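Below you will find one chain, with nothing else, as structure tokens; this is the form predicted alone, and questions on how it binds or moves follow later.
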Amino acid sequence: MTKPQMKQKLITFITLIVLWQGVFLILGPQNYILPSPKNTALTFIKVFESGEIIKHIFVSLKRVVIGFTLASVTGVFLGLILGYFKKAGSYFHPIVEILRPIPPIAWIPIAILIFGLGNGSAYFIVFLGAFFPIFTNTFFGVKSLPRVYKNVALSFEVTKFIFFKKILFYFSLPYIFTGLRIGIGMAWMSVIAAELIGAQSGLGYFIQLNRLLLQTEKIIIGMILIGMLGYFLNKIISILEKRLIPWKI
């Protein structure tokens, strides 16, 4: 990160704190809606010192990593296969398009009925949230392969396996990573939604519990951590993309 970028982000952070303090002063020190930045910072230190928040962070991250990994493997594999084999794609792609608009949160009651409260339902919701953008972008990447690539491969008598591995997959990688970046964001939002309703641990549960206890400082802390961790998860995908496909402009 360059110095101008660091300076810009620091200015943005300070501006947000100033706006937060301004809203707090407008509402008045006795308000029960928004805590002050100072009280939130002190509570932030306390929850980390006590270890109260750390276990919730690791639980949420574990659920996202497992659900997102399963969605990535399944979504990329099916996207490549259904995109390459036109007949199979014509049968199964419409089914995916019917299920895709259903938001992951709508699946939560069914997930709880099938898997119960806890990790199983959370993995399922994360999987659904991440799968569709990954599959759709991979499928579109395969379909976007120019005809000339296929003609050249036929001219040089390239085997289907080599064509699939060296040409089709590499051409689709930028599309796949677009799906992964969208998918990790959807996975993170999905796990928080699942934990708000059907879990007894995680950052979503942490926010819900403190809502019931009227601990607004802890609610804000949970929201800040969700934003920060979501940013870092997306950053990891971006770093992997730059390393694996350096030819992308």
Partner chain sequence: MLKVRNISHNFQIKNKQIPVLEDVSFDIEEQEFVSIIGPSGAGKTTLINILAGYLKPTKGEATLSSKTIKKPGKDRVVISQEEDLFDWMNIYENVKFGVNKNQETVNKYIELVGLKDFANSYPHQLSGGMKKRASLARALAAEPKFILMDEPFGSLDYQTRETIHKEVLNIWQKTKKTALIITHDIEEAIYLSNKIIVFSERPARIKKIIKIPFSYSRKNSIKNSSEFIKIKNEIKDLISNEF
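Remember, it's a predicted structure, so these values are computed and weren't measured experimentally. Positions refer to the first chain, counted from 1.
Omitted here: the form predicted in complex with its partner chain. The next part is about that form.
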Option from 163 to 171, 107 to 115, 133 to 141, 67 to 75 whose residues, in the predicted bound form, bring a heavy atom within 4.5 Å of its partner chain: 163 to 171
4.5 Å heavy atom contact, residue 148 and its partner chain in the predicted bound form: yes
Contact of residue 154 with its partner chain in the predicted bound form (heavy atom, 4.5 Å): yes
Interface membership of residue 158, its partner chain in the predicted bound form, 4.5 Å heavy atom rule: yes
